[in-house]
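What follows is a single chain, given as structure tokens, in the form predicted alone.
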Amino acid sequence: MGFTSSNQHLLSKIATSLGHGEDSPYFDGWKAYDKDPFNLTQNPNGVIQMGLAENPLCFDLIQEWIKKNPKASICTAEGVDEFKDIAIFQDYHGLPEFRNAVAKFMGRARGGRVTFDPDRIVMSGGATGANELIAFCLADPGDAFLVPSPYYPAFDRDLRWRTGVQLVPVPCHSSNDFKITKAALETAYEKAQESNIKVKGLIITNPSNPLGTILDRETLRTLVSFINEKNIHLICDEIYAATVFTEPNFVSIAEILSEDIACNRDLIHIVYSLSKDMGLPGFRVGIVYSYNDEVVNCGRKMSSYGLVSTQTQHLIASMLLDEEFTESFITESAKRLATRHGVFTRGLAKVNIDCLNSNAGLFCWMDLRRLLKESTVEAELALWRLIIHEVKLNVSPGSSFHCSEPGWFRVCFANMDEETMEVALQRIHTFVHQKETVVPAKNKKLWRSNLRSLSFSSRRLGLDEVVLMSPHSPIPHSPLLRAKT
């Protein structure tokens, strides 16, 4: 049961504030999916989830490893002898073998070009907890972090809601493929200073969510130089490090620090998790790796509020210390991501939908600008509501990522099976053709019947079999999808 406005005063201001960011279209799309989830046989006309950056493409490899290594779990006959020691032990430093395993895997996920110190590993409950932990350690309420945009919508929740810090977007543009520039950083920093906002740091995601691109070595050097000049922190969210599926290779901020570059290492911090690279978001394994001793000490105290269970630590340590397995997993994962990305982008190209050129992540940054009635956020959200309600796809509009250019959408491709992806692509094909083909309004009812024809069977359909028709139906106003202004 919810609470009414009359008794909101019984809760804290933080709890009842809008700081969680749930009023974003990003979360509204999830609600629409939860209300009517697609299932190939049980609900073929439902909403297909393309807003979830999940990576189950190599689950079979993990499941096979677990079958071969039953002793890794304390809940098996083979591993139960260690049950007592693991079940009663909960030190916020983490099991030594767990920290050692994570440090080794972080190096392996970065091509073995850098090493990490297990004593700098700080645990947290997923990347969400890790981001809040580092924000808490580095900034006071009212302080701010610069964040190049477009950026992950849940940063507004993870970094702001309970800490009271602010995020200052650094707008990046399609004219240079949304690359971060020194000029854009300087402009955002100066505007914050003029508004009497104390900037405590810069936050980047590398590889980028939502762009699926990586930062080159020269850009990273520029960022290090910038934060060193300003004496502010640099937080590098590298949770997609091992999802790079084609060249160029990923470059970690740790590699830049290994170069002969002038920098105060106390200003550098890495956020990591196993949610994307290993496809294990439910395990809630989040990591803060800081080069600052005080941050490590403070972070360990804070991690008491979001520890990884020792049962999970025990299993993960056994898995990640199996070097043969992790090497083969990373290699095979990259191959499968490359294949899926190629199939999906080629499918979009058949109806002349372009995506930003990318080589990492679990999503594409899809360009639908030509389908907008006008280049405004309002037009983008109108198109998004049409895609949610009529096409029945949960894709995320660029405005929810603070993108400065209307018409870009993040669409996830790795979280579904191949048959579901084919249905999604056919729905997109039909939608684009109906947007670009003028037919009598009396045919508007055929749109939903056409969608049903795309979903009724589990057989593999050729993408050129789509029947083209055009509805001109009004957009229904779902209570889950509040109109944006």
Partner chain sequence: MKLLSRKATCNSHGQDSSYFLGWQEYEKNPFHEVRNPAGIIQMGLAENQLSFDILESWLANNPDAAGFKRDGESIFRELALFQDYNGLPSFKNALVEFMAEIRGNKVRFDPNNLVLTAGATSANETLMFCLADPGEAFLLPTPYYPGFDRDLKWRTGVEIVPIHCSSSNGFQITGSALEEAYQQAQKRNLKVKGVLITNPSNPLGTTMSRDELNLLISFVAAKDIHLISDEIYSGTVFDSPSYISITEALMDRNLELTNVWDHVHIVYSLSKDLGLPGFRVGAIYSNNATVVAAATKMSSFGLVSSQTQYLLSVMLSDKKFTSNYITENQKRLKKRCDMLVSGLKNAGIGCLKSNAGLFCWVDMRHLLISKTFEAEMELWKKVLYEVGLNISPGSSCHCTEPGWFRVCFANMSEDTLNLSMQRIKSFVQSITTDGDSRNRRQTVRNSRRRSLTKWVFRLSSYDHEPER
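Treat the numbers as computed from the prediction; the structure is a model and nothing was measured. Residue numbers count along the first chain shown, from 1.
Keep in mind the form predicted in complex with its partner chain is missing from the figure; the text below concerns it.
### Query
Thinking of Lys31, Tyr151 and Arg370 as the candidate spot, does its partner chain come within 4.5 Å of a heavy atom on all of them in the predicted complex?
No.
### Partner-contacting position among Thr222, Thr376, Thr76, Asn100 - heavy atom within 4.5 Å of its partner chain in the predicted complex
Of the listed residues, the single hit is Thr76.
### Task
Scan Thr213, Thr310, Thr326, Gln166 and let me know which has any heavy atom within 4.5 Å of its partner chain in the predicted complex.
After the contact test, the surviving option is Thr310.
#### Entry: Answer range among 357-365, 342-350, 154-162, 250-258 for contact with its partner chain, defined in the predicted complex as heavy atoms within 4.5 Å
It is the stretch 154-162.
### Heavy atom of Ala87 within 4.5 Å of its partner chain in the predicted complex
Contact with its partner chain, yes.
### Message
Just checking whether Ala183 would be counted as a contact of its partner chain in the predicted complex - the rule being heavy atoms within 4.5 angstroms.
### Response
Judged by the heavy-atom cut-off of 4.5 Å, Ala183 is well away from its partner chain in the predicted complex.
### Message
Taking any heavy atom pair closer than or equal to 4.5 Å as contact, tell me whether Gln42 reaches its partner chain in the predicted complex.
### Response
No.
### Query
Can Phe226 be called a contact residue for its partner chain in the predicted complex at 4.5 Å between heavy atoms?
Outside the cut-off, so no.
### Task
Sequence order please: the residues of 294-314 with a heavy atom within 4.5 Å of its partner chain in the predicted complex.
Sequence-ordered list: Glu294, Val295, Asn297, Cys298, Arg300, Lys301, Met302, Ser304, Tyr305, Gly306, Leu307, Val308, Ser309, Thr310, Gln311, Thr312.
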